[in-house]
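The data below hold one chain only, encoded as structure tokens and taken in the form predicted on its own.
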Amino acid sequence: MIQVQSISKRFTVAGQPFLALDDVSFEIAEKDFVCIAGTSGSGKTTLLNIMAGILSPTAGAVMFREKNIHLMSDRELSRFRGDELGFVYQSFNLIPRLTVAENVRAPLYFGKKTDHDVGRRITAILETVGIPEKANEYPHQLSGGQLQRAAIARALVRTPSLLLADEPTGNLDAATGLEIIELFKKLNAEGTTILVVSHDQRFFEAAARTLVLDFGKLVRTTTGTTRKTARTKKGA
């Protein structure tokens, strides 16, 4: 589904060049579950944002089904984000003045028209994430775990082929974080391709592979619960 080809990203910080990503390459297959790990500042979120088309790389390419997303027109990129991509933010990013159902509905106003009965689709997706009873409540009435479930529901409402998530358990307690991890496992088992950035070691065990970044370089791959480690070859 995705080929990340020799991605590098430079920023200028305090007038000095900073290499956030350095020649990173890997592939993600349909229905895969991949975690990106690394210390703070290792380039994880930068890489995720490049894969979502939010940032452009300094060098390299991100190919989605053999099409370079960074060579897409604005309209094509918007369509890619709307139709193919779901994004879960660490800070939830729900709209405070909208109910949970209205927040989940929001992506349906963008991208191609859906054949879904909107009301039934929202009910079904809230049932999938385990908060159907919260449909008419507002974000300030929800717990942290419920906020994250609502954010996941919003990301899934257009049935994206790829779900990206940035530290989805970062603002949650241990027990609630485990519930979210189990939800991601369920979604993956049902066919959703998932790429998650996380410090949470439980994600390393849940994912099929964990890609470890260090100072912007992809240094190794850890495989699932077996924790087998292999040195990563360029382009692997």
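Every value quoted in this text rests on a predicted model; they were computed, and no experiment measured them. Residue numbers here begin at 1 and follow the sequence given.
What comes next is about the form predicted together with a small molecule, which does not appear here.
* To do: Specify the contacting stretch among 63-71, 185-193, 171-179, 44-52, defined as having any heavy atom within 4.5 Å of the small molecule in the predicted complex.
  => Stretch 44-52 is the one.
* Asked: Just one of Q146, Q90, T128, S161 has a heavy atom within 4.5 angstroms of the small molecule in the predicted complex, so which one?
  -> Going through each option in turn, the one that passes is Q90.
* Is there a heavy atom of E167 no more than 4.5 Å from a heavy atom of the small molecule in the predicted complex? -> Contact with the small molecule, yes.
* Asked: Do T39 and the small molecule come within 4.5 Å of each other in the predicted complex, heavy atoms counted?
  -> Heavy-atom contact with the small molecule at 4.5 Å: present for T39.
* To do: Indicate whether the small molecule has at least one heavy atom within 4.5 Å of a heavy atom of A20 in the predicted complex.
  => Residue-level check for A20: yes, a contact with the small molecule.
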